[in-house]
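Quick heads-up: it's one chain on its own, the form predicted alone, in structure tokens.
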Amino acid sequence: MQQLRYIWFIAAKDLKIFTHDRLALAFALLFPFLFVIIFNMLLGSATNNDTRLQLHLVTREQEGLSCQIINALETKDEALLLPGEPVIIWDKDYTAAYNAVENKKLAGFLAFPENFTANITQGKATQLKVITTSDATYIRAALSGLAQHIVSKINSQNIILEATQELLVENPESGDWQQILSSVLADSNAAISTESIITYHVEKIGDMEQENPSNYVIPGYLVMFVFFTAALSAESIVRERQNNTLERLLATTVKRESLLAGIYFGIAAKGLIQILIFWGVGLLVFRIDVGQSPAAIIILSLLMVIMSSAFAVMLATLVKTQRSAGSIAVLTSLVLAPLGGCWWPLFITPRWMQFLAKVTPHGWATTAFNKLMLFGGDFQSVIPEIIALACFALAFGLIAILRFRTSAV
């Protein structure tokens, strides 16, 4: 019982020093929200307007089937389009469109060749061309899909017409076959001229809302500054070791285990204050969405505090001077933060960076928060990240316990 009191007094002492240090409080509690506000303003100004895919079509014919197809596909009024539908643009000048692609002013277009109508009606081979810049991957895929759909639609109509003609020739008693065939041809041409060859099915689930930037900004800076503040605590541990404060405590009835626990819980208390303020302000001011598993958010936040506090004690046991502790704490925090996705979401970074992030606790933590708050993940989806953070905390804690010393010698 006496040792528990010592643990409480040591932790309370460190927490009291922290709360009376205005600069430390500003850095740990106010400074992060300056970044949050700035990034919210920058990211919030980027609206999520329905930026539509534009597909340009060109024909080298003056009239005929290709003109009818493009006319049927061409977007007449963008206001009538459903979300997700592309804008179809009819470019009248083939040469101008080709030059625009060469000069990279246009990503690409789908071209109908000369004699397209004649070749189709005579059963001759014809070819649509997709002309794009080398880097227009998505435009090329979209135009190729559109060309394939046009070809398949025309082929199916030709098959119907041929089958109808053969059927009527084999069964002349069915009536005036020339009149019936003419009627089928007229209906086919009318369908081409009045109906779009490409049809869309858009399923709308809920209202489309702009993503709240705070949903990934606040968790990222929580991970960064909880770790940063804890790491800087290593400097005070080394200072107390150098001025023999820890030795004097051991000279009393305080045991080594109680001293280590008091130091650890003093650092953890600062982290708990940070996460309470972060999530409180995030919910009340920035209106963040914690997803469908708030319990997972709480566990991840607590693991960040446990892991960061263990890292701080471990760092203090590995360095010899106060200056080294402070320098390494700053360097480690500033390297792990961007590498672990605290400054930007990891899912927009290259694969090699996502791989490197897995060697950092920051990478596992930010990935878990993104899963929960951006992608609708549940508790089960972040179990790997929870286990990884627990392993980091265990590894740092074991090193801290085995190497903890009170003497500077």
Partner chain sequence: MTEPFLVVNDLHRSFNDYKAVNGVSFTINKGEIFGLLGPNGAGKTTTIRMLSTVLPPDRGDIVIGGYSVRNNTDSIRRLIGVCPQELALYADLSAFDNLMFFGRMEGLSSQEARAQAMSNLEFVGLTDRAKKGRVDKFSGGMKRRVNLAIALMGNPQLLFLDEPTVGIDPQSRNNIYETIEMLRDRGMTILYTTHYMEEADRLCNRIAIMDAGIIIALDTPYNLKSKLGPPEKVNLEDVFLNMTGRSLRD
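Numbering follows the first chain given and starts at 1. Since the model is a prediction, treat every value here as computed from it, not as a measurement.
Another form, the form predicted in complex with its partner chain, is not on view; read the next lines as being about it.
*Give a yes or no for residue 254: in the model of the complex, does one of its heavy atoms lie within 4.5 Å of a heavy atom belonging to its partner chain?*
The answer is yes: residue 254 has a heavy atom within 4.5 Å of its partner chain.
_At 4.5 Å between heavy atoms, is residue 249 in contact with its partner chain in the model of the complex?_
Because a heavy atom of residue 249 falls inside 4.5 Å of its partner chain in the model of the complex, the answer is yes.
*Is the gap between residue 148 and its partner chain in the model of the complex 4.5 Å or less for some heavy atom pair?*
Residue 148: no contact with its partner chain in the model of the complex.
_Given that its partner chain is not shown alongside this chain, does residue 240 nevertheless sit within 4.5 Å of it in the model of the complex, heavy atom to heavy atom?_
Answer yes; at least one heavy atom of residue 240 falls within 4.5 Å of its partner chain in the model of the complex.
*Picking from 67-75, 254-262, 90-98, 219-227, which part of the chain touches its partner chain in the model of the complex when contact means heavy atoms within 4.5 Å?*
That would be 254-262.
_Give me the residue from 17, 23, 398, 391 that has a heavy atom within 4.5 Å of its partner chain in the model of the complex._
The option sitting close enough to the partner is 17.
*Check each of 115, 212, 245, 144 and return the one that places a heavy atom within 4.5 angstroms of its partner chain in the model of the complex.*
By the 4.5 Å heavy-atom cutoff, the listed residue in contact is 245.
_Whether 6, 10 and 407 all lie within 4.5 angstroms of its partner chain in the model of the complex by heavy atom_ = So, yes: the whole triplet contacts its partner chain.
*asked:* Using a 4.5 Å heavy atom cutoff, which residues in 295-318 contact its partner chain in the model of the complex? It's fine if the answer is none.
replied: Heavy-atom contacts to its partner chain in the model of the complex: nothing from 295-318.
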